[in-house]
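In the block that follows, a single chain appears as structure tokens, in the form predicted on its own.
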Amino acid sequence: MEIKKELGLTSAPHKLRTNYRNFPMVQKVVFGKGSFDQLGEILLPVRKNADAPVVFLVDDVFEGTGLIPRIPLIFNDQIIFISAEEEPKTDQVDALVRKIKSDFSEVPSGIVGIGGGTLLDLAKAVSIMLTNKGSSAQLQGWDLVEKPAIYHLGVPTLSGTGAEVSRTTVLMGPERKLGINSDYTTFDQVVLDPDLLVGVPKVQWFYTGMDCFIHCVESLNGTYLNAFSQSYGEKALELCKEVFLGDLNEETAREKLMMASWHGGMSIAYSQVGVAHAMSYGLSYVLGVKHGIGNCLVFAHLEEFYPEGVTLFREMLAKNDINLPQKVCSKLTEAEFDTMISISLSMEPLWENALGKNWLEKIDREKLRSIYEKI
């Protein structure tokens, strides 16, 4: 009994216990120029046997480039090239799972995603669906995954989405765009090699980086904010300012943006995003607008919610000579507006983080319609 008292394990009536979420993090991470070439030695201990391959899901932009010979293929490992031109879809995940199951007699030793947020999300989703039944659309939501995923490793070649560190894999489903949010989604290993960002087009670099910036603004201004998310969010925001408002050389900018993405993803692990992300989900579902661009299109009109963040965002647009697309929603039908608004409003945790538990008293369909009409 004395030992219990010393450890604080007594059930004293004055002491109120609170249950906090016990979130997983990436188990292992390697960072540094050229670290991609350690992939072979990293994967070796997780290989089960010659009949259990490692499947590499690779952005098809790298097909025929010098990166492919550096992928450590042995036994019957397989590379599947995938276009990242569109948002990842649930039926795409299901098709990849069917292909892998038909191609091999055993469950793979692991799935490796090499690319931007699309490829990383696909890798996470496929690794989950190889051990869980049904369609990936059935697992869109929060904590619906029942069985652990197989080993999965992420190699980001773009920075900003935070997909390399987050516990969600965002998918376009038959009825909505929503993540598979679970403790089994997080990567087992991440390889952060800044050299893989060399050659990323300027516009793509900006839009993906702005996803990180907007993550931070929404997290730091949210009602879910706590010291854990604040510490990561503030560092990520600082790094974003250096990258997009400073005068860094390209090598330093790559390294700092890669770490901004990591910290930005961590900032929402124990928090949440907000208005821009909620509204961009609707925009992506109806118009197929890619996530980074969608966030920017919405965020530009959110002065009411994030005045300081929008001011900084406009400075970044000017500094980097970026012109946002105009009149994106000008030809939408009433039905399309209605669908877009409904999808946005379904993102309840995001709205609660942005506006509080009584968020429905502060936002309505008419308000969302007025914002979408400006885009």
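A residue's number is simply how far along the shown sequence it sits, counting from 1. The shown structure was predicted, so the numbers you read here are calculated from the model rather than taken from an experiment.
As for the form predicted in complex with a further copy of the same chain, it is not shown, yet the points below apply to it.
The partner is absent here; in the predicted complex, the one residue of 81, 75, 142, 228 having a heavy atom within 4.5 Å of a further copy of the same chain is 228.
Out of the listed residues 270, 206, 305, 285, 270 is the one that sits within 4.5 Å of a further copy of the same chain in the predicted complex by at least one heavy atom. Using a 4.5 angstroms threshold between heavy atoms, residue 91 stays clear of a further copy of the same chain in the predicted complex. a further copy of the same chain is not drawn, but in the predicted complex it has a heavy atom within 4.5 Å of residue 22. Put simply, residue 48 is far from a further copy of the same chain in the predicted complex: not one heavy atom of it is within 4.5 Å. Mapping the unseen interface onto this chain, residue 346 falls outside it, with no heavy atom inside 4.5 Å of a further copy of the same chain in the predicted complex. Proximity of 27, 234 and 259 to a further copy of the same chain in the predicted complex is complete: all three residues have a non-hydrogen atom within 4.5 angstroms. Considering a further copy of the same chain in the predicted complex, the lone stretch of 29 to 37, 48 to 56, 336 to 344, 320 to 328 in range is 29 to 37 [heavy atom distance within 4.5 Å]. Residues of 168 to 205 placing a heavy atom within 4.5 Å of a further copy of the same chain in the predicted complex, in sequence order: 183, 189, 192.
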